[in-house]
Ligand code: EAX
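A single chain, nothing else alongside it, follows as structure tokens in the form predicted on its own.
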Amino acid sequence: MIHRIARQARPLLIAAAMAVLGLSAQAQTTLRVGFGLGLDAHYGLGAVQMQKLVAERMGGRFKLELFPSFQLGGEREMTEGAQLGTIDMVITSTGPVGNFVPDTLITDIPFLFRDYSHARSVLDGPIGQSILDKCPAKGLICLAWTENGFRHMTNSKREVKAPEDAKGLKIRTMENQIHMQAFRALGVLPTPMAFPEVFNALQTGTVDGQENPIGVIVSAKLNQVQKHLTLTGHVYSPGLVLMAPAAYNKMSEADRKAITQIAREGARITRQRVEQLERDGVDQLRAAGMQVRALNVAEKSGFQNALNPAFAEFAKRFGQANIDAIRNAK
């Protein structure tokens, strides 16, 4: 009797086991996404859009868990985490990525891009894709270009309207060889530092100033520790949406295409926010007490001319033809 019941129950047990295995196969994978600044900043809005689209389009197989405000470390640490597979996705400026993928550094040459339209068309086109294609060999998957915006200089000492005014200032920079080389050509003392340390360093006078896009200056409330803002627009600062190969390689081909498209759509929202901050942020900073200097054409040319020695070095490093291909792109 007992054996007969057991035989009758066996198909039900097998069916139940198969159902459990089926559910397990469909279990949701949580992808941890790290980035700097808050959810209401430009990277944050892009990340929230990506989170929404993953939920809508990827059949419940994946979920993005967002870690804003450098919760997972500075940008270099997060980039290393993506290489190691301890962080699944990272939205970061290109600054620290250049230490791992040197080809990205060409985008950091000062005064390389005319405006936002020029920069975006280059990065979203064949030139930008050729750089992204170099990432896997360096242990990173670069899904899409995103954006920080054009960088401007702030300091607590004096108005800067010419290279001579900037000489001797100790300016925090990213850990980016191209930026540091350019600032040395201006007579500035570049001080590389992870961004989470910057506010305190400005507050204590460890450095005199820093350089960042308007959106970062506003979001980080740097007006509280900086008096002077010079709208140099000296470097267009792109960003990258990175993914850990460990996470990417587990995906199906269809899911890889989906997450790449989602990263690009998140970047579009980020770019829209950057434009809004560029329009409105300067007025916010003025209202908060910052003294703002907008350079005229002659003054901006003065900065460009002062960088000629650095431009010669960049041509040797990257090839003048490659630089010209970006500068002359329509």
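Sequential numbering from 1, following the sequence displayed. It should be emphasised that the depicted structure is a prediction, and the values quoted were computed from it without experimental measurement.
One more form of this protein exists, namely the form predicted in complex with this ligand; it is left out here, but the text below deals with it.
**Student:** Which of 119 to 127, 182 to 190, 208 to 216, 228 to 236 has heavy atoms within 4.5 Å of this ligand in the predicted complex?
**Tutor:** Contact criterion met by 208 to 216 only.
**Student:** If we define contact as a non-hydrogen atom of the residue within 4.5 angstroms of the partner, is residue 67 a contact of this ligand in the predicted complex?
**Tutor:** No, no contact at 4.5 Å.
**Student:** Indicate whether residue 154 is a 4.5 Å heavy atom neighbour of this ligand in the predicted complex.
**Tutor:** Result no; residue 154 lies far from this ligand in the predicted complex.
**Student:** With the partner left out of view, is residue 113 within 4.5 angstroms of this ligand in the predicted complex by any non-hydrogen atom?
**Tutor:** Because no heavy atom of residue 113 falls inside 4.5 Å of this ligand in the predicted complex, the answer is no.
**Student:** Can you tell me if residue 195 lies within 4.5 angstroms of this ligand in the predicted complex, counting non-hydrogen atoms only?
**Tutor:** Judged by the heavy-atom cut-off of 4.5 Å, residue 195 is in contact with this ligand in the predicted complex.
**Student:** Just to be sure I understand the contacts: of 82, 144, 166, 174, which is the one whose heavy atoms reach within 4.5 angstroms of this ligand in the predicted complex?
**Tutor:** By the 4.5 Å criterion, the partner-contacting residue is 174.
**Student:** Sequence order please: the residues of 76 to 106 with a heavy atom within 4.5 Å of this ligand in the predicted complex.
**Tutor:** Contacts from 76 to 106: just 93.
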